[in-house]
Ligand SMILES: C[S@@+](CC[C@H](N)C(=O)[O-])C[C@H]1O[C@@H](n2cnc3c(N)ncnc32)[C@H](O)[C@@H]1O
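Only one chain comes next, encoded as C-alpha coordinates, the form predicted alone.
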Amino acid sequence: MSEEFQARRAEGRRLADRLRSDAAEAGQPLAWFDAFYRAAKGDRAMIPWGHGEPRADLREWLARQSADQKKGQALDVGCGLGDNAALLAASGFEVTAFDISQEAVNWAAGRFGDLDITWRSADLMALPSEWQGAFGFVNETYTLQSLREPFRSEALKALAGCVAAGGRLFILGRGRHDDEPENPPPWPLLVSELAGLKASGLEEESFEDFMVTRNGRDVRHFRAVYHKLG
(Lines give C-alpha, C1' and ligand atoms only; values in the text may rest on other atoms or scores of the structure.)
Protein backbone atom coordinates (compact mmCIF):
# COMPACT_ATOMS: atom_id res chain seq x y z
CA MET A 1 0.00 0.00 0.00
CA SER A 2 1.19 3.50 -0.77
CA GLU A 3 1.87 6.01 2.00
CA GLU A 4 -1.14 8.00 0.83
CA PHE A 5 -3.41 4.95 1.08
CA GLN A 6 -2.07 4.14 4.56
CA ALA A 7 -2.67 7.73 5.69
CA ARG A 8 -6.29 7.63 4.49
CA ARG A 9 -6.81 4.26 6.17
CA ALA A 10 -5.48 5.64 9.45
CA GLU A 11 -7.87 8.58 9.07
CA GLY A 12 -10.70 6.10 8.53
CA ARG A 13 -9.81 4.20 11.71
CA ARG A 14 -9.84 7.40 13.75
CA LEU A 15 -13.21 8.38 12.33
CA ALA A 16 -14.63 4.92 12.97
CA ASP A 17 -13.42 4.98 16.58
CA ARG A 18 -15.04 8.35 17.21
CA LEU A 19 -18.37 7.51 15.62
CA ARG A 20 -18.46 4.07 17.31
CA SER A 21 -17.89 5.66 20.71
CA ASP A 22 -20.61 8.25 20.16
CA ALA A 23 -23.09 5.58 19.06
CA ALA A 24 -22.30 3.37 22.07
CA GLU A 25 -22.92 6.24 24.46
CA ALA A 26 -26.29 6.80 22.77
CA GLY A 27 -27.21 3.11 23.21
CA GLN A 28 -27.33 2.54 19.44
CA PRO A 29 -24.29 0.35 18.72
CA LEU A 30 -24.92 0.00 14.97
CA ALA A 31 -26.14 3.51 14.22
CA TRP A 32 -22.74 4.88 13.30
CA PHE A 33 -22.09 2.75 10.23
CA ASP A 34 -24.15 4.75 7.74
CA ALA A 35 -22.59 8.05 8.83
CA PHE A 36 -19.17 6.44 8.47
CA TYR A 37 -19.77 5.14 4.94
CA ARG A 38 -21.17 8.50 3.86
CA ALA A 39 -18.14 10.29 5.28
CA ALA A 40 -15.86 7.99 3.26
CA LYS A 41 -17.30 9.49 0.05
CA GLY A 42 -16.56 6.43 -2.07
CA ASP A 43 -12.93 6.15 -0.98
CA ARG A 44 -12.26 2.48 -0.14
CA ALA A 45 -9.01 3.42 1.61
CA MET A 46 -11.12 5.05 4.33
CA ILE A 47 -12.82 1.74 5.19
CA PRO A 48 -10.55 -0.19 7.61
CA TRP A 49 -12.31 -3.47 6.83
CA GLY A 50 -12.56 -2.77 3.09
CA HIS A 51 -9.90 -5.07 1.65
CA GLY A 52 -11.17 -5.10 -1.93
CA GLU A 53 -11.44 -8.90 -1.91
CA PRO A 54 -13.29 -11.63 0.00
CA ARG A 55 -11.95 -12.78 3.35
CA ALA A 56 -9.32 -15.45 2.75
CA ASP A 57 -10.56 -17.70 5.56
CA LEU A 58 -14.07 -17.70 4.10
CA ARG A 59 -12.75 -18.37 0.59
CA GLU A 60 -10.58 -21.25 1.80
CA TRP A 61 -13.47 -22.86 3.70
CA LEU A 62 -15.84 -22.54 0.74
CA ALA A 63 -13.29 -24.19 -1.53
CA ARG A 64 -13.49 -27.30 0.64
CA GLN A 65 -17.28 -27.57 0.37
CA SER A 66 -19.00 -29.76 -2.21
CA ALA A 67 -21.03 -28.22 -5.03
CA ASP A 68 -24.24 -29.44 -3.37
CA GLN A 69 -23.36 -27.47 -0.25
CA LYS A 70 -23.07 -24.25 -2.25
CA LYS A 71 -26.59 -24.11 -3.64
CA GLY A 72 -29.81 -22.46 -2.55
CA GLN A 73 -30.54 -19.30 -0.61
CA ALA A 74 -27.68 -17.64 1.27
CA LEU A 75 -27.70 -14.59 3.54
CA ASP A 76 -24.60 -12.40 3.81
CA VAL A 77 -24.62 -10.49 7.10
CA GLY A 78 -23.21 -6.97 7.28
CA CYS A 79 -22.15 -7.06 3.64
CA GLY A 80 -20.17 -3.82 3.71
CA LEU A 81 -18.62 -3.27 0.28
CA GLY A 82 -19.92 -6.62 -0.97
CA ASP A 83 -16.81 -8.75 -1.54
CA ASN A 84 -17.99 -11.73 0.52
CA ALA A 85 -21.45 -11.61 -1.04
CA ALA A 86 -19.87 -11.67 -4.49
CA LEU A 87 -17.81 -14.71 -3.51
CA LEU A 88 -20.92 -16.55 -2.31
CA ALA A 89 -22.73 -15.75 -5.56
CA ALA A 90 -19.78 -16.89 -7.66
CA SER A 91 -19.67 -20.12 -5.62
CA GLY A 92 -23.24 -21.03 -6.60
CA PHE A 93 -25.51 -19.52 -3.95
CA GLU A 94 -28.56 -17.34 -4.55
CA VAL A 95 -27.48 -14.45 -2.35
CA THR A 96 -29.30 -11.86 -0.30
CA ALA A 97 -26.79 -9.42 1.19
CA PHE A 98 -27.66 -6.78 3.76
CA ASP A 99 -26.07 -4.04 5.78
CA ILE A 100 -27.50 -1.53 8.23
CA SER A 101 -25.96 1.22 6.08
CA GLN A 102 -27.88 2.07 2.93
CA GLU A 103 -24.77 3.88 1.74
CA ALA A 104 -22.75 0.66 2.02
CA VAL A 105 -25.48 -1.30 0.22
CA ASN A 106 -25.51 1.20 -2.65
CA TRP A 107 -21.71 1.09 -2.84
CA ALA A 108 -21.67 -2.74 -2.92
CA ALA A 109 -24.44 -2.91 -5.53
CA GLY A 110 -22.49 -0.52 -7.73
CA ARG A 111 -19.35 -2.61 -7.47
CA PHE A 112 -21.07 -5.89 -8.27
CA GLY A 113 -23.95 -4.87 -10.51
CA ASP A 114 -23.13 -7.71 -12.90
CA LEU A 115 -23.98 -10.35 -10.28
CA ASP A 116 -27.48 -11.57 -9.44
CA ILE A 117 -27.47 -10.52 -5.78
CA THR A 118 -30.38 -9.08 -3.82
CA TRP A 119 -29.03 -6.09 -1.89
CA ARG A 120 -30.98 -4.92 1.17
CA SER A 121 -30.64 -2.39 3.95
CA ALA A 122 -31.63 -4.03 7.24
CA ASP A 123 -30.94 -3.82 10.97
CA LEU A 124 -29.51 -7.00 12.49
CA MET A 125 -31.58 -6.28 15.61
CA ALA A 126 -34.83 -6.08 13.63
CA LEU A 127 -34.54 -8.34 10.59
CA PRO A 128 -37.44 -8.76 8.13
CA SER A 129 -39.93 -11.37 9.31
CA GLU A 130 -39.80 -13.14 5.93
CA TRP A 131 -36.17 -14.03 6.58
CA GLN A 132 -37.10 -16.36 9.44
CA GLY A 133 -36.01 -19.89 8.52
CA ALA A 134 -35.47 -18.79 4.90
CA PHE A 135 -31.77 -19.45 4.28
CA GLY A 136 -29.84 -22.66 3.82
CA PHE A 137 -26.59 -20.78 4.49
CA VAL A 138 -26.00 -17.72 6.66
CA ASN A 139 -22.57 -16.07 6.49
CA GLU A 140 -21.51 -13.97 9.50
CA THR A 141 -17.98 -12.74 8.90
CA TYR A 142 -16.50 -10.09 11.24
CA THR A 143 -19.86 -8.55 12.17
CA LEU A 144 -20.60 -9.95 15.64
CA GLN A 145 -17.24 -8.69 16.89
CA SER A 146 -18.49 -5.13 16.44
CA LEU A 147 -21.14 -5.73 19.15
CA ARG A 148 -21.07 -5.99 22.92
CA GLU A 149 -23.65 -7.44 25.25
CA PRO A 150 -26.62 -7.45 25.42
CA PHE A 151 -26.65 -6.79 21.67
CA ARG A 152 -24.39 -9.70 20.72
CA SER A 153 -26.70 -12.31 22.27
CA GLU A 154 -29.66 -10.75 20.47
CA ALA A 155 -27.76 -10.81 17.20
CA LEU A 156 -26.83 -14.48 17.59
CA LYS A 157 -30.48 -15.39 18.19
CA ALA A 158 -31.53 -13.34 15.16
CA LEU A 159 -29.01 -15.07 12.90
CA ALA A 160 -29.96 -18.52 14.18
CA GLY A 161 -33.56 -17.69 13.39
CA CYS A 162 -32.70 -17.06 9.74
CA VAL A 163 -31.27 -20.56 9.22
CA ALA A 164 -33.62 -23.00 7.51
CA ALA A 165 -34.09 -26.54 8.78
CA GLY A 166 -31.04 -28.49 7.65
CA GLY A 167 -29.19 -25.23 6.93
CA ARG A 168 -25.87 -23.91 8.22
CA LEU A 169 -24.59 -20.83 10.03
CA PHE A 170 -20.96 -19.85 9.32
CA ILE A 171 -19.18 -17.60 11.82
CA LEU A 172 -15.73 -16.09 11.31
CA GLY A 173 -14.13 -13.46 13.50
CA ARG A 174 -11.68 -12.63 16.22
CA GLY A 175 -11.83 -14.99 19.18
CA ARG A 176 -10.85 -14.86 22.83
CA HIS A 177 -10.46 -17.39 25.62
CA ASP A 178 -11.80 -16.44 29.05
CA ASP A 179 -8.29 -15.89 30.44
CA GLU A 180 -7.24 -13.57 27.59
CA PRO A 181 -7.68 -9.76 27.60
CA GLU A 182 -10.59 -8.34 25.67
CA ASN A 183 -8.44 -5.65 24.02
CA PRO A 184 -11.31 -3.82 22.26
CA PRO A 185 -12.41 -2.79 19.75
CA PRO A 186 -13.33 -5.03 18.01
CA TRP A 187 -14.57 -7.29 20.79
CA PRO A 188 -13.49 -10.91 20.19
CA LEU A 189 -16.00 -13.73 20.48
CA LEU A 190 -15.98 -16.13 23.40
CA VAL A 191 -16.59 -19.86 23.02
CA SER A 192 -19.19 -19.61 25.77
CA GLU A 193 -21.14 -17.04 23.75
CA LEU A 194 -21.23 -19.30 20.71
CA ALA A 195 -22.35 -22.22 22.88
CA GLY A 196 -25.60 -20.33 23.37
CA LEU A 197 -26.56 -21.17 19.78
CA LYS A 198 -27.62 -24.60 20.98
CA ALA A 199 -30.61 -23.01 22.70
CA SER A 200 -31.66 -21.69 19.27
CA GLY A 201 -31.74 -25.18 17.78
CA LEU A 202 -28.26 -25.23 16.24
CA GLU A 203 -25.62 -27.92 16.68
CA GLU A 204 -21.88 -27.38 16.27
CA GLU A 205 -20.56 -28.95 13.07
CA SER A 206 -16.98 -27.73 13.25
CA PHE A 207 -14.90 -25.30 15.30
CA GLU A 208 -11.42 -23.97 14.47
CA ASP A 209 -9.27 -21.89 16.79
CA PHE A 210 -6.30 -20.38 14.91
CA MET A 211 -3.96 -17.43 14.76
CA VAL A 212 -3.72 -14.77 12.04
CA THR A 213 -0.72 -12.45 11.89
CA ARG A 214 -1.82 -8.83 11.81
CA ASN A 215 0.63 -5.92 11.92
CA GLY A 216 3.37 -8.14 13.27
CA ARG A 217 1.36 -9.85 16.01
CA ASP A 218 -0.71 -13.00 16.24
CA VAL A 219 -4.46 -12.46 16.62
CA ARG A 220 -6.72 -15.34 17.67
CA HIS A 221 -9.62 -16.17 15.35
CA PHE A 222 -12.53 -18.57 15.45
CA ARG A 223 -14.14 -20.18 12.43
CA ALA A 224 -17.22 -22.16 13.35
CA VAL A 225 -20.06 -23.85 11.50
CA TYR A 226 -23.41 -24.77 13.01
CA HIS A 227 -26.31 -26.66 11.47
CA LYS A 228 -30.01 -26.60 12.26
CA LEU A 229 -31.63 -29.95 12.64
CA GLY A 230 -34.24 -30.67 9.97
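Residue numbers here begin at 1 and follow the sequence given. Nothing here was measured: the structure is a model prediction, and the numbers come from that model.
The form predicted in complex with the ligand exists for this protein as well; it is not shown, and the discussion that follows is about that form.
Participant: Since only the chain is shown here, I'm wondering whether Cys79 would be in contact with the ligand in the model of the complex (any heavy atom pair within 4.5 Å).
Facilitator: Residue-level check for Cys79: yes, a contact with the ligand.
Participant: Against the ligand in the model of the complex, would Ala109 count as a contact residue? Criterion: heavy atoms within 4.5 Å.
Facilitator: Outside the cut-off, so no.
Participant: Would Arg55 count as touching the ligand in the model of the complex under a 4.5 Å heavy atom rule?
Facilitator: Flag for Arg55 set to yes.
Participant: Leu30 versus the ligand, in the model of the complex: is there a non-hydrogen atom within 4.5 Å?
Facilitator: Contact check for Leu30: yes, within 4.5 Å of the ligand in the model of the complex.
Participant: Is it true that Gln65, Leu87 and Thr96, all three, sit within 4.5 Å of the ligand in the model of the complex, judged by heavy atoms?
Facilitator: Result no, not one residue of the spot touches the ligand.
Participant: Work out which of the listed stretches, 109 to 117, 87 to 95, 156 to 164, 122 to 130, brings a heavy atom within 4.5 angstroms of the ligand in the model of the complex.
Facilitator: The contacting stretch is 122 to 130.
Participant: Using a 4.5 Å cut-off on any heavy atom, which residues of 138 to 156 would contact the ligand in the model of the complex?
Facilitator: Counting only heavy atoms within 4.5 Å of the ligand in the model of the complex, the contacting residues of 138 to 156 are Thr141, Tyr142, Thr143, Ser146, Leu147.
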